[in-house]
Structure formats: C-alpha cells, structure tokens
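Only one chain comes next, encoded as structure tokens, the form predicted on its own.
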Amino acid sequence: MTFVVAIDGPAGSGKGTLAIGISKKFNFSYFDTGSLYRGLALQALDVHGENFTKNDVITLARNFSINSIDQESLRSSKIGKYSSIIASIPEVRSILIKIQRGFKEENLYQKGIVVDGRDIGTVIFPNANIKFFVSASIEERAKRRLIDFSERNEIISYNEVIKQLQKRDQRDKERSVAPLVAAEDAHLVDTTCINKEEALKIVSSLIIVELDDYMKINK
C-alpha cells in the first residue's frame, strides 16, 4: 500500500513548490502531472506548429513519453498557454489519466507519493489518503509568475500575466471533463499571505496525523 497526497490548485498558487517540499520532508515520490500537458504542448508545437489540430494532439498523446521531453523547456508562458488548451481536450485527458494513475503502481513499495495537478483529488486519485486544494489571489499569483519568467529571461508585463491567468483559470474551471474544483474532502490552503515554509508547516501537520493513522492500520 502507498500513502497518497493529492494536491490541486490553479497556476501560480504554489502547489508545485508545496508538493516538492512535502516529497522532500516525508521522502515521498513526486509527480507533477502538469508536466504531461506541458510536454505534450511542446511536442505539438515542435511537430505541427501553432496550428495543430485536436486530432494531431490526440495522435501524439497515444505515443507520448514524458521521459523524451526536456523539462527545462516546459515553463515558458507560451507552453503554459497551449498546455491549458490541450488539457481541455477530453480524449487527451482520457489517454494521460492512465499515465498519472500508473505512477502509484510504479511506486507501490515507496512510503508514499505526492501528486499535484488540477484534478488529482477529484479524478486521478479520488481515494487519496489526504487532499489539499491550494489557492492564492490572482494578483499574488501573477507576481510569482513574473519572478519565474524573469529568472528565465522571458520578458512579459504584469498585465499580460494577469490576462493569461484569467484565461487559463476560465478554461480550467469550465472544461467539460475534470474541471478545476476542490474535492469535497480537500483541505483548503490559501497561500496569498504566507510563504512556502509556512504553507509546508501547515500541511505537514495534517499529513503527520493521517500518516500516523495509516501506518498503524497498515503496519
């Protein structure tokens, strides 16, 4: 049995940083499911250009391997834009869901896994041992994105980042399959006014309680 931590939330909320912190603190395996959609977006752009079709992406998804993608190429604003569009294609989500669930099978003998995305607690691992939905104000999320882009020498304005986040949030929340929504049993974590250390401390205390109970049952 593997202890599963599911983390969902919109872009720039801090869920990835939090997930990495949890994986290091508890020695859990970590999977950023967003990298699948970003990797597929990169591949679609490389193969077909910006005019790729729905069928183009579906065909690529059927043979997609994240191991073939350069992770350093996935964090640009352009990739973020197209990955959100691709993530709205039901057939693509259906194909990639197998890869995401397979991560647990690949780590059956690990202490636990932490997985972040936008539908982890609702679709991918609805029976996760503990779930978190991480949020932050759009202004704070935009500031964080600007820092990320600046570190990669990508020039973009604050207002443009706001617009991108608004469009991405809308696509994520309104897509017909697996929309972005907090699971009913998820712990809500607002990171607007707290730093990553404080956020990690909050969620860690909750994980410790659940993990202790889990270990007693499964020892």
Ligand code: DC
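Note that the structure is predicted; figures quoted are calculated from it, not measured. We number the residues from 1 along the sequence you see.
From this point on, the text means the form predicted in complex with the ligand, which you will not see here.
query: Taking 4.5 angstroms as the cut-off for heavy atoms, does Val114 touch the ligand in the predicted bound form?
result: Contact with the ligand, no.
- prompt: Is Thr33 close enough to touch the ligand in the predicted bound form, meaning at least one heavy atom pair within 4.5 Å?
  reply: Within the cut-off, so yes.
task: Consider Ala128 of the chain shown here, and say whether it contacts the ligand in the predicted bound form, taking contact as heavy atoms within 4.5 Å.
output: No, Ala128 is distant from the partner.
- prompt: Is Arg75 one of the residues lying within 4.5 Å of the ligand in the predicted bound form, judged by heavy atom distances?
  reply: Output for Arg75 is yes: heavy atoms within 4.5 Å of the ligand.
- prompt: Hey, which residues along 156 to 184 are within 4.5 angstroms of the ligand in the predicted bound form, non-hydrogen atoms only?
  reply: The stretch 156 to 184, when checked against the ligand in the predicted bound form, contributes Arg168, Asp172, Arg175 at the 4.5 Å heavy-atom cut-off.
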